[in-house]
Every structure is written in C-alpha cells, then in structure tokens.
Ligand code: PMP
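One chain follows as structure tokens, the form predicted on its own.
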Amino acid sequence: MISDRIKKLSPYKTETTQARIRLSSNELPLRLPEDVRLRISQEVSKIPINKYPDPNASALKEVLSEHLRVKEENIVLGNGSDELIYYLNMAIGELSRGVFYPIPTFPMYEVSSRILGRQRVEVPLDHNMDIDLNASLLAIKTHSPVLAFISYPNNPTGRCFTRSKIESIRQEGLFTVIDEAYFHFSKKTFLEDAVSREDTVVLRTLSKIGMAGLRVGILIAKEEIAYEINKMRLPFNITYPSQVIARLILTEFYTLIEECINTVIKERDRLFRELSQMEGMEVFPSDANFILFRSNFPAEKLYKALLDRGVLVRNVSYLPRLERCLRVSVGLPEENDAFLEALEDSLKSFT
C-alpha cells in the first residue's frame, strides 16, 4: 500500500511550455561551435553502450578535483544536485528531527523532506530578501531541527544571504548544506569550510554552466563526511555519456564556458539597469544568472503577455514575499533584447 505521506505529495513540476525564447530555467546560453559538437560526437560514438559505466566516475572526479582544488576523496557525485539533496536529507540526523530552510527557496529541499516525512522548519525571508535571523533562531530553538539547507545565491531571489547570518544558524548545531549552484556568477563560497568542518557541505552542479542535460551534481565535504554519504549513492548514478562529455568539456573546452559566464554577468548587469529604468518596476539585485522583478500588474497577466510575444519567463508570484514577481534568466544579448522589447510592449498594452 502507498504511504499516506506519498499520496499527499504533488508531483514536482518542471517548465515545459514552448516559446521562441526560453528564459525560465536558469540555463547557461552556451552555443557550442560545430567543431566542438563534432568532437563530442566522436567521443560519444566510442562509448560501449552495452557496458556499465565506471561506478565511481573516477576520470571525471579527477578532473573535478583539479577544478575545485580539493581531493577526490572530498567529492561525491549525484544525478544532479537533487539526488544529493535527497541523500543528505536521509543521512543527517534521525528522520524524527526537522529540516530548516528560509523561504522562498529551491523547492527540492521541501520535496525531499516531505518524501521522508521530516518536519519542515520554514522561515520567510525579511523585507530585504535576506535571512530573517531573529525569526530563524526562534524557530530553531522552538523546533530543534538538525539540518539546514541554504541556497547561496538563493533561488529565486538571486542574492547571497549575509554570511554571518548563515554562520549564526550553523552555530545552533545544525548540519549546514550550502547549495552553491550559482557559484560561478557570485564567486562567493563556503568551500574552505566544507573541506575542513564536519558540520558543513557544499553543493555545486554542472547544470548552470552549460551542461544541464548531463545531470551532474557535486557534493564537496570533509573526507569522513563524503565517505559516509557515498555509501548511499545508487550504483552507476552518473551515466557513461555524462562522464565522457563532462570530462571532455571541462578539459578541452572550458574556456568557452568561462567566456559565456563572463558574458552572462555583463548582461545581468545590463538587464538590471534597463529594468530599473522602467516605470513601476521593482528590480532585485542578483548574484546569480537570473533576475527577480516585480511590476505593478498581476504576474500571471504579465507572464501571459510575454508568452504571447514569444518570451517565456518564470512566474514565481505564488511564493512567499514574491507577490507580482517574475524571474527571468539571463540569456544571450539578442535574447535579452527580445525580452526587454516584449516587456516594454506588454506594459504599454496594459495602460
């Protein structure tokens, strides 16, 4: 019989709406040159698809250890960060103890906690979209959670939380997971803490740097912690093609990713300036590859108007603190131009 806690779940919804310009999923707008695509196809053609992949993804871990400047023993790989979040939720503390996270934030913290029946200690952000420290400390004292998930920068609000607030929460005895999916756009990290402390791990991903289709998540932790988490890892969780393609791109074509990241950061700043100049628009500063903004109009109305003009963004107005808010991923310059044009046209049509 299916558990009641599973029956009460709602399926996690991903964005599948089609549009000429898709700026809804925070993907890197990386367009690989034809010669690079050919090189990848050559390597993929060599894969013996009738064979299991390396269960430890050793060659990929070796490359990642060089990029991250940590030992291979500090790394656990997952089928996206989602799998690693689920492992951490299963591994840290007893399931009778709660899980803390500020809201709104990445929904998989809630999803994995619900699946396991763990109490969710959710505290709304303050008016600056930062952690409400006093409310958080009170909730922690009241409910005694053992695990904290911190998105850094936070999705969907875009900013890195104040570091001292995160440290204050960790000092309450919570095992703290710092989810740095958007690190490459913020350059802010807890990586040194992750490899030296037993109460902190960092999550990274290849999804936000042009390889979302490969589903490679990365957990970095002190060796002893990584060893314990790795016990839970499902066999062959990183596919053969993912191992081969990720290693190839990271070793031979990483400069293309760096160039694209730099372009996105410049475009993010341009989008922020352009949006800030629009009448009736509240724009929130971002350390990530997306921008959160609020208009004077109902979010669903503006979302549909943009979609009618061929531009897909994310409607996040249903989340706490985010009434009338939309989130737009930073795309290529021409995609961002099209978004701004569609937005201006949509706003004019409402007046």
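Here the structure is a predicted model, which means the values were calculated and not measured. A residue's number is simply how far along the shown sequence it sits, counting from 1.
One more form of this protein should be noted, the form predicted together with the named molecule, which is absent from this view; the next part is about it.
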The named molecule contact at Pro241 in the model of the complex, heavy atom, 4.5 Å: no
Phe106: touches the named molecule in the model of the complex, heavy atom cutoff 4.5 angstroms: yes
Asp82, heavy atom within 4.5 angstroms of the named molecule in the model of the complex: yes
4.5 angstroms heavy atom contact with the named molecule in the model of the complex for His184: no
Full three-residue contact with the named molecule in the model of the complex, heavy atom 4.5 Å, for Arg97, Ser112 and His143: no
The named molecule in the model of the complex: contacting segment from 245-253, 151-159, 263-271, 222-230, heavy atom within 4.5 Å: 151-159
In the model of the complex, the one of Asn74, Thr176, Thr205, Asn237 near the named molecule [non-hydrogen atom within 4.5 angstroms]: Thr205
